[in-house]
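Shown below, as structure tokens, is a lone chain in the form predicted alone; questions about how it binds or moves come after it.
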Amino acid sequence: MTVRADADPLPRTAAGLIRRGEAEAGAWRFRLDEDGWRDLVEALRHDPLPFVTLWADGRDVHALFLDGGERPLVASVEPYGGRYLGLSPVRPAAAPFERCMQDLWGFSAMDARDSRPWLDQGLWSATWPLSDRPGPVAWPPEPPDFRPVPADHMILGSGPADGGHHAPGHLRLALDGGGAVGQAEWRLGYAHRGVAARLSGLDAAGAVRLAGRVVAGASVAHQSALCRAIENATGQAADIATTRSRVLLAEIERAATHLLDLSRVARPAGAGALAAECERVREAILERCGRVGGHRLLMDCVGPGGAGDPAMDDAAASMAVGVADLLESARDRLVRCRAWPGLEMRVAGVGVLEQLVARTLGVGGVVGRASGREEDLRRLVPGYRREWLDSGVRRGGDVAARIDLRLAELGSVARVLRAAAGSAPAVARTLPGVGEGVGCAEGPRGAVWYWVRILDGRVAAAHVCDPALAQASALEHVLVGAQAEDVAMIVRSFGLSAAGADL
């Protein structure tokens, strides 16, 4: 049964307009009619309400915002004739999500900033494969639709299958006569696996197992976010030991992935000593994870609901102490490697992401914080304390800032591991289960969000949001003006995962 939520007058803020709709999932998701959605889009032109993600479930389009920067708030609308008013003119971060929905569901965003395919390369067995009426496939496939480039620029493409060690994506660069990038554009979709569709029909344990295999280096983040979404949908709550275990495992994963990303950016920057030291410490962490936790990448170490596995809780605490020791013992060597003057000359001022662009495109994680954006979702995650999150931000926004912030966060990880292992975290407060829930985690590369609808103990519908989509959009801006020989270093400094962008 739906309840009218507009009994009391609400201010005409974006959040207030959303709450004028019909409450359909407790007090956080509201259905708007076509006029209400149009009013919301207009209000967002001036309202700073933070946008998170956009998705469809076959019937409706849903947009997730953070009210007050902390409380999830979802607006839903049913597209009329398969069309809805797009959010990208007022929230540019919504553009890649609109393109994904067009490919998967056939829902067209009116006035969208970009309506070209994102996932569909023209090789699927049907168009709009998740819609009630999938369409026929045109043959031969249409050629890729890239933005026009100036006639005096040279086109340079890389990936997805040119023999290099890239992520499965095509990066198209337009170079001017001096070898500088005049335009950059991604063509992705090669790593699409239909994760949302694969989650549908699974029980909670099966869904969490699949989530752990979505993005390498972020297994704990994806599993934890999905667990929290399922728990919110069913009214369950993780106990103290499980909450602590998730924090410890997330921080161990953060350290391992930071070290991987540091190594990858140090190699093209010519800092072989830093890369080698990062690889040595990361291998020691992964070896400990495999020996104590059962999996080097910590897959299947997080489970949904209620009491966790006592053996895993003990293993997480054991791993945490060992990883903290490793990070602290390696700190001085990492600092010395970073201090090599040749590295600073190579990375300072290169690949700058401006704070305004990061905020506009919704870039968080290390990349956003290195551009002065104070965005750390751990403040919303049960088990963390705000006084632990002291790695700070950087203002430079360049490759150097991203390297320095990752190194600083390695020290923060060691402190969090010791603090969390010896504390008793508060149990997450949950509301009575309403069949739908959202959950989040601050992964090593940024915020991970899940939305699920649970029916008869199984996932009926789901959505996954990984930080890679925002990073890909931001890189198209950052690469403009860079020299061609710096492109690989800049891309790797973002830690971009094509698998995360192509969910």
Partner chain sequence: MALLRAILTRGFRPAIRLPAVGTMAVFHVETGGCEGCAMEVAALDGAAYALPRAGVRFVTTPRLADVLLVTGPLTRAMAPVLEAAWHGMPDRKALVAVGACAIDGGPFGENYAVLGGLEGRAPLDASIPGCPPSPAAIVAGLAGLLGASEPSSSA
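Just so we're clear, the structure is a prediction, and the values are computed from it rather than from any experiment. Positions refer to the first chain, counted from 1.
Another form exists, predicted in complex with the partner chain; not displayed. Remarks below refer to it.
Participant: Among 243-251, 213-221, 359-367, 316-324, which stretch has residues with heavy atoms no more than 4.5 Å from the partner chain in the model of the complex?
Facilitator: Residues of 213-221 come within 4.5 Å of the partner.
Participant: Using a 4.5 Å cut on heavy atoms, which of M312, L380, A167, L343 is close to the partner chain in the model of the complex?
Facilitator: Filtering the options by heavy-atom distance leaves A167.
Participant: Identify which of S412, Q183, S115, Q121 has a heavy atom within 4.5 Å of the partner chain in the model of the complex; exactly one of them does.
Facilitator: Comparing distances to the partner chain in the model of the complex, the residue within 4.5 Å is Q121.
Participant: Please run the contact check for R267 against the partner chain in the model of the complex: heavy atoms, 4.5 angstroms, yes or no?
Facilitator: R267 belongs to the contact set for the partner chain.
Participant: With heavy atoms only and a cut-off of 4.5 Å, decide whether P129 touches the partner chain in the model of the complex.
Facilitator: Flag for P129 set to yes.
Participant: Using heavy atoms and a 4.5 Å limit, would one call Y190 a contact residue for the partner chain in the model of the complex?
Facilitator: Residue-level check for Y190: yes, a contact with the partner chain.
Participant: Quick one: does D111 come within 4.5 Å of the partner chain in the model of the complex, counting heavy atoms only?
Facilitator: Close contact is absent here: in the model of the complex, D111 is far from the partner chain, nothing within 4.5 Å, heavy atoms only.
Participant: Run the contact test on R280, E283 and L297 with a 4.5 Å heavy atom cut-off to the partner chain in the model of the complex and return yes or no.
Facilitator: Yes, all three are in contact.
Participant: Heavy atoms within 4.5 Å of the partner chain in the model of the complex is the criterion; list the residues of 472-503 that meet it.
Facilitator: Contacts from 472-503: S497, A499.
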